[in-house]
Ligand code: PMP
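Given next, in structure tokens, is a single chain: the form predicted alone.
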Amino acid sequence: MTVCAQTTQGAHWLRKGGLVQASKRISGVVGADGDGWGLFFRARALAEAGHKITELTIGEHDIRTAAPILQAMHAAAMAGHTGYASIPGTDALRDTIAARVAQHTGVPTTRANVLVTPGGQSALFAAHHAVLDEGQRALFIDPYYATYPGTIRAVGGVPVPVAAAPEDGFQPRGADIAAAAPGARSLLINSPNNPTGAVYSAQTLAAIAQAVIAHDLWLISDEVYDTQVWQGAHISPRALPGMAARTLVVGSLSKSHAMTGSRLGWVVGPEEMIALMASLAIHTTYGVPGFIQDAGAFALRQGPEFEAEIAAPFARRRKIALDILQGQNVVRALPPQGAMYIMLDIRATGLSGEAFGTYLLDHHQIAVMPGESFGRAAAGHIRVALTVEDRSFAAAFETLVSVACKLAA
């Protein structure tokens, strides 16, 4: 029998014959404050136990991957593309990604600038592995996607949050980045942003670029929501003067093509860095299945019309949510400019995001993500995913607002 105990030094397992200790790196990935997923896992457990839960938690589409994409995947598998595939990615997929990036950004891009990865999360891991040495400081914007600090810890880096305030529309300030930059090696940004829905303005990105260049940082730009823009325009910082040589862009088909389970992402960056990251892939993932890559190339070739069709439900639900918020002043929201979420300020209820989310789940079977899951800058907020069909979403959102108003009364 093996008994596991968690200590401040790491995870230990007591076995007959001695003590086995996990590495500090892997036992410290989550961090002292936890990973913020507790309420989500409890909601999933209730659903699996037979309770009817309206899940407005993670960014999972309420539609499945389109049949033509699955048919392309099936055809590729049946044609025999089931063995080891090219580890940097197939030429066909890398060429397709490069062409899409060049068209969207105006930056010359070839397959040599593209590494295919098993999803956007793997791309984030690889990008940080590429730029960080053990113990180096890595900046990221708070609020943040919940895996960011753990990804940095997993490669031996030291995560350093830089707050973006609600009163600034969650747009980070270049001065704050510059103040945190001495001694740092990298900065991670995400626009359109999860969880806030902010789309970074040209002014914000110019200030970010200025700070990055002045302090000789690598910029890792998570752009997986680039097809979900409701206000403003998505600008890739790789297109800004002086930035292509120091920017790694993370992309994915998960959100743009409803292919979350296919695990297909990429990193775009300088040719020399991509070659080094391909060597990392040899020693970690060993590539992505060829039939999935073929389906990904097919999906990308469907063009912007298909991507707009996948994004349309979130635009509709954004409007539903903003309409419901009219006529009350307890629940406040900055209208999300992009992505598939809306961040709600519920501080008028007197509850934290965690407490409000727990109350909503326990009393109304509605699951949301507490703002505290995404960093200190989001305390007193909740994130609502726009990911159930319109009528169910409207009913749940109306209940959420009504509950908040009663709690604040």
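Just so we're clear, the structure is a prediction, and the values are computed from it rather than from any experiment. In this text, residue numbers run from 1 along the sequence as written.
This protein has a second form, the form predicted together with the ligand, left out of what is shown; the following refers to that one.
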item: Which of 246-254, 174-182, 154-162, 292-300 sits within 4.5 Å of the ligand in the predicted complex, heavy atom basis; value: 246-254
item: Contact label in the predicted complex: Y148 to the ligand, heavy atom within 4.5 Å; value: yes
item: Y225 within 4.5 Å of the ligand in the predicted complex, heavy atoms; value: yes
item: 4.5 Å heavy atom contact, Q121 and the ligand in the predicted complex; value: yes
item: Partner proximity in the predicted complex: F356 to the ligand, non-hydrogen atom cutoff 4.5 Å; value: no
item: Three-residue site R25, F125 and S373 fully in contact with the ligand in the predicted complex at 4.5 Å by heavy atom; value: no
item: In the predicted complex, the residue from R263, R100, R318, R111 that sits within 4.5 Å of the ligand by heavy atoms; value: R263
